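A single chain, nothing else alongside it, follows as structure tokens in the form predicted on its own.
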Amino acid sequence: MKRYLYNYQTILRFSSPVSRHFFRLRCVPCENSCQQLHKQALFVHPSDGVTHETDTWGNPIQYGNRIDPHDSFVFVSIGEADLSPYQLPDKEPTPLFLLPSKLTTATDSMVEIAQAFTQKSALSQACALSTWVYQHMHYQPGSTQSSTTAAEALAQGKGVCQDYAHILLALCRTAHIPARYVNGFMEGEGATHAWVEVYDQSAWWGIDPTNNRQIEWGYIKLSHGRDAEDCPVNRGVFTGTATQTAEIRVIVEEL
């Protein structure tokens, strides 16, 4: 077991004051058989109160509101996490993780790619598909949007971690491997990161196609779902005509 410190910060600035701001966050790590939290704390400002619940997939969510006018919104999630090697036992995954979603529908050419890989186990096949994605994609921030599909990202051959994950999800599901999108933190400094969990031998295993590795240590999970639309870190609505900018910083380091 290893212990990691995590520090997640987001600062939203509005071009003019907004009011009646209702928000839903997924910025507190989940707890499971290989991830336990210590000294966990969440700071949200300004806020009239925060409620903690879980979503459809069992992910922790934090929601609340701020009615009075404000021109910035800050939320900080900090703590320590004890991690075991990445393996999440599960008796039987929902069939939904075998079905294409809005952002992970495979094209005919992607079906042909998936069928070309015939490794002995689902995990080894998913790792081989991850290597294929890594070799055929170029990491380029700003080249895609949150609504970019796996097919669109693969067609242009560039994208970010969300796109790498969506492409791998599409390939795995086409190959009849249950797979789900994961949002979280990765050891180092930067922003949030996306990876994939695949189901094999009664457990979920983590694969990071952006860095072409099967995950063992250094990844702190926030949430999972069918694709990125199921687990955004921040989603909200407000009254006002302001535009907004975001500053995001994540630090994860082993203690």
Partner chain sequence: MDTLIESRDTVNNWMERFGVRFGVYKNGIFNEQLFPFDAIPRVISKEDWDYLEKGLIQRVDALNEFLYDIYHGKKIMHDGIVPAEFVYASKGYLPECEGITPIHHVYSHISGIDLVQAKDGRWFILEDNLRIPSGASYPMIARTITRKVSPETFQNNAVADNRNYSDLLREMMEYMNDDRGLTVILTPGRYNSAFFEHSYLAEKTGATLAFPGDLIVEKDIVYYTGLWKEKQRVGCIYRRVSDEYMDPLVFEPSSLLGVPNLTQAYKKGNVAVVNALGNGVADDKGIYYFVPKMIKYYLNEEPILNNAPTYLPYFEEDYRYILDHLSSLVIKDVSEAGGYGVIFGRDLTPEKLAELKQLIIDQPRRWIAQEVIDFKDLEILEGNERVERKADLRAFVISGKETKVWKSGLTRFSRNPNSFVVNSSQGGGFKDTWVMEK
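Positions refer to the first chain, counted from 1. None of these values were measured; they are calculated from a predicted model.
Omitted from view is the form predicted together with the partner chain, to which the following refers.
Want to guess which of 42 to 50, 203 to 211, 182 to 190, 27 to 35 is within 4.5 Å of the partner chain in the predicted bound form, heavy atoms only? Result for this chain: 42 to 50.
Do Ile220 and the partner chain share at least one heavy atom pair within 4.5 Å in the predicted bound form? Ile220: no contact with the partner chain in the predicted bound form.
Touches the partner chain in the predicted bound form: Gly64 (any heavy atom, 4.5 Å): So Gly64 counts as contacting the partner chain.
Against the partner chain in the predicted bound form, would Asp55 count as a contact residue? Criterion: heavy atoms within 4.5 Å. Answer yes; at least one heavy atom of Asp55 falls within 4.5 Å of the partner chain in the predicted bound form.
Using the partner position in the predicted bound form, report whether Gly142 sits within 4.5 Å of the partner chain, counting heavy atoms only. Answer no; every heavy atom of Gly142 is more than 4.5 Å from the partner chain in the predicted bound form.
Quick one: in the predicted bound form, does every one of Met137, Gly159 and Arg249 get a heavy atom within 4.5 Å of the partner chain? Checked in the predicted bound form: no contact with the partner chain for any of the three.
Heavy atom within 4.5 Å of the partner chain in the predicted bound form: which of Ala151, Leu99, Val76, Leu88 fits that? Just give me the one. For this set of options, the contacting one is Leu99.
Within 226 to 255, which residues come within 4.5 Å of the partner chain in the predicted bound form, counting heavy atoms only? Residues within 4.5 Å: Arg226, Asp230, Arg235, Gly236, Val237.
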